[in-house]
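Below sits a lone chain in structure tokens, taken as the form predicted alone.
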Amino acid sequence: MKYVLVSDPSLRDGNHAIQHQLSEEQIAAYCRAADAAGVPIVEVGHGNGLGASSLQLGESKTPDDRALRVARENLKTTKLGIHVIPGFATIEKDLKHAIDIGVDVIRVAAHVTEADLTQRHIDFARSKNKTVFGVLMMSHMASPELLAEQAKKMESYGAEGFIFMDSAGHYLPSDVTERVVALKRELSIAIGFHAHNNLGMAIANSVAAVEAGASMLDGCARGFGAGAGNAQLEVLVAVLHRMGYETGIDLYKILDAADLAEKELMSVVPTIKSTSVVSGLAGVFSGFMKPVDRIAKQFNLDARDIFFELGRRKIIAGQEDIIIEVATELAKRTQTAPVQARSV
């Protein structure tokens, strides 16, 4: 029976959905439930990863230090993972400290065309004998061939596995299949996939990934994550088991963990809203949904127009300031449009 390694970023990606306000008590409760279910890896931290808490990206209610310590105390057999983006997370201040606390799995991430930025962090984490995976975000913004070229760099730096993220929920199953096939041609390390659900394709895309040869998948309890959410963990596990894959996860207990997550972690269960669909079509990072909705109201604009303009400009996570710039320009166009129409 083929094994699929399932990683659970509910306590990291889910933090996006509640403005990074997970408490120590919530982290502890979910870690206990995931550990009881036999989840292999639980990822913990700010939505943008280690060291990302800031005024621009949102300040964490629970600082990295406390979040990781609480998780470490409550994970007995499940491994503790972190998401690390060079530029947010430094080696000296953040990564060394996280390793001292006892993280097991370090996923070093960059924008899909910027794998070069990850070399020092991957080197350092490997030197500390930690399990290290390379991650490329917003992967739809590169061709399958370019994605594979960038992933190959991460393998050369020492990454033991590679995960590509559909950060905007933009893919259809054929897109995922094409990329896994391209990656398998170039890589000798394990391949993984992280799905978002903006177009309702997260589970189908995850299935496409494993059928094409991926052996690692991400899923969040109740889909807890930015925008329309991630692949729904308990559904993913059930589907994989029905397909004959082994995950090591107890179905009843992961269903219990999902029930707990809905009750204790989230104010609203992620759903596919109109703006989520547009975000997916436009290829815009799912985490932009709330700021786009807020700014659209402020400027009396249609949020869908903002998303399509952000997509046209190929804006990525970390460029939240551009939302206001786009809104300002769209508002000016709206004000001048009637005058232009009359002059024609």
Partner chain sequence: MNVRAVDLIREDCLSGLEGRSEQLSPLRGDTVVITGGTGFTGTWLAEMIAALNDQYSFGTKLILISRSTDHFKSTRPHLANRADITLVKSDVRYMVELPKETNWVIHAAANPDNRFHSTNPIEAMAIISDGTFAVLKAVDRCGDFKMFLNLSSGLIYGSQPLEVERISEHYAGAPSCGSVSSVYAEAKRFAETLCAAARSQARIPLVTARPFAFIGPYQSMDTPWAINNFIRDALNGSAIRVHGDGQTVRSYMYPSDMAYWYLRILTGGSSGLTYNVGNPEGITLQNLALMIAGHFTPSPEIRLHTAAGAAKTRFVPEVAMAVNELGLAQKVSMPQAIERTIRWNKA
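Remember, predicted model here, so these are calculated numbers, not experimental data. Numbering follows the first chain given and starts at 1.
Quick note: we don't show the form predicted together with the partner chain, though the next part is all about it.
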Stretch from 181 to 189, 201 to 209, 219 to 227, 84 to 92 whose residues place a heavy atom within 4.5 Å of the partner chain in the model of the complex | 181 to 189
If you check in the model of the complex, do 170, 277 and 302 all have a non-hydrogen atom within 4.5 Å of the partner chain?
-> no
Given that the partner is absent here, does residue 215 sit within 4.5 Å of the partner chain in the model of the complex, heavy atoms only?
-> yes
Hey, in the model of the complex, is residue 271 touching the partner chain, heavy atoms inside 4.5 Å?
-> no
Report whether the minimum heavy atom distance between residue 130 and the partner chain in the model of the complex is within 4.5 Å.
-> yes
Give a yes or no for residue 97: in the model of the complex, does one of its heavy atoms lie within 4.5 Å of a heavy atom belonging to the partner chain?
-> no
Quick one: of 253, 241, 152, 72, which gets a non-hydrogen atom within 4.5 angstroms of the partner chain in the model of the complex?
-> 152
Which one of 175, 259, 123, 114 is close to the partner chain in the model of the complex, taking close to mean a heavy atom within 4.5 Å?
-> 123
For the heavy atom contacts within 4.5 Å of the partner chain in the model of the complex, list the residues of 221 to 256 involved, in sequence order.
-> none
